[in-house]
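Before any questions on binding or motion, here is one chain by itself as structure tokens, the form predicted alone.
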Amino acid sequence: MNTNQEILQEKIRDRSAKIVILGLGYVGLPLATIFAEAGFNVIGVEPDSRKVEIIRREESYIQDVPTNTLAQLIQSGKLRATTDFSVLAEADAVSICVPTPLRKTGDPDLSFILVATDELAKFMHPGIVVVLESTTYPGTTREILLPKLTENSRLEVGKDFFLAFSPERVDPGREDWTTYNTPKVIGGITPACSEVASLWYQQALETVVPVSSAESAEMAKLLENTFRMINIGLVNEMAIMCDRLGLDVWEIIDAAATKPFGYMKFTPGPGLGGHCIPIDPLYLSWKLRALNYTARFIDLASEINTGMPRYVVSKVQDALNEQARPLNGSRVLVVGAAYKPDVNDIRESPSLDIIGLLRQKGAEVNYHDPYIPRITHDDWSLESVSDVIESARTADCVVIVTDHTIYDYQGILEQAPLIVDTRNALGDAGRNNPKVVRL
């Protein structure tokens, strides 16, 4: 008689394995699409009924998933969406792709993982592989998921079912590195878990990188983003130091980047944004505090990076003072609201803090972003102005927060009376220009 592992592996190889993706956001929907394109039948479970309805209309709300691709997969019957967790009863392979934000206290919020795992636990059965993709601290898969999935089922991991962690590596808006060709790290609770999970992902992804354990895979993800967070913190502090010294940080970074070895270029900005870098390293810092260890590099970089929006506002205030204008009552236009160029993703964007701080100080704030038509945050709500050039002309100060490539920066420069450029979007045109203040 074949074992559960052998039966499941055969289903994976012949594409008869039924796949369920829990969470259809920036990670889950692209992953569901990739598996469906590889020939699997995929069901996405999404608690937000609005998203499910959009998918049923054969439309995509994720920039990295073209609507025509999604429509073809739905029409072929390879992909569908539902709010009903009971489809897990027939699943052979499950990927958990739910958010893992931070609470306001800075502690990890695992509530989405816990809800998804509790729902999955109701339908656990022999011959199923489960992969957690949501970024979290080392030990989550073994210490939280494993007990919940075995509490009532009495299934043995590595024999009856298979559990692994594989960190998502989504960078929204990229066309060179996608879900398909970005190498995928996978670590299982047991060697058999790693083997089964790796086999599953190998059917749809170009490169799979097995590691020795789920904890190794969890830590690898945190190392990736901690590396970026700390280096961004370094260049942000370098920008502040150069400002004090009267030096051009952008010129200095470009000069340093000419070294062909031993240096990697990072650039300063108004603060961290997105679903990973501002959050993931703090999961590691939190975990280590429980072990009586202080992650000093992480804490220091976080302090610097989270202070950048206030630093930007102080630059705006100083720039207006130079023109004998108070910030209170001044008309300020924020150009770009998304957390990075050319995407419609506003998660953790520094623009939110910058707009909020400017409003607190009495400024009349508007914003423009071709990808973000409306922002609702905390106790305020704004709609993007329709004409960025005209709005720049009538503003007292323009703050470039996100350097979308679609912008006519020369036009903004010509019309705006004063510009604070946090991204060096104006390039050489902004250097030594008396109405431009650069970070």
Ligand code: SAJ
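Source: prediction; values computed, not measured. In this text, residue numbers run from 1 along the sequence as written. In this text, the rigid core denotes the largest set of C-alpha atoms whose superposition between the two forms falls within 1.5 Å.
Only in words, not in the display: the form predicted in complex with this ligand, which the text now covers.
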| query | finding |
| --- | --- |
| Partner-proximal stretch of 161-169, 311-319, 184-192, 139-147 relative to this ligand in the model of the complex, 4.5 angstroms, heavy atom | 161-169 |
| In the model of the complex, the residue from L79, C97, C276, L222 that sits within 4.5 Å of this ligand by heavy atoms | C276 |
| Single option in A301, L333, L272, L88 placed near this ligand in the model of the complex, where near means a heavy atom within 4.5 Å | L272 |
| Touches this ligand in the model of the complex: Y283 (any heavy atom, 4.5 Å) | no |
| In the model of the complex, R423 touching this ligand (heavy atom, 4.5 Å) | yes |
| 4.5 angstroms heavy atom contact with this ligand in the model of the complex for K361 | no |
| Proximity of K122 to this ligand in the model of the complex, heavy atoms at 4.5 Å | no |
| Large Cα shift (2 Å or above) at R347 between the shown form and the other one, core-fitted | yes |
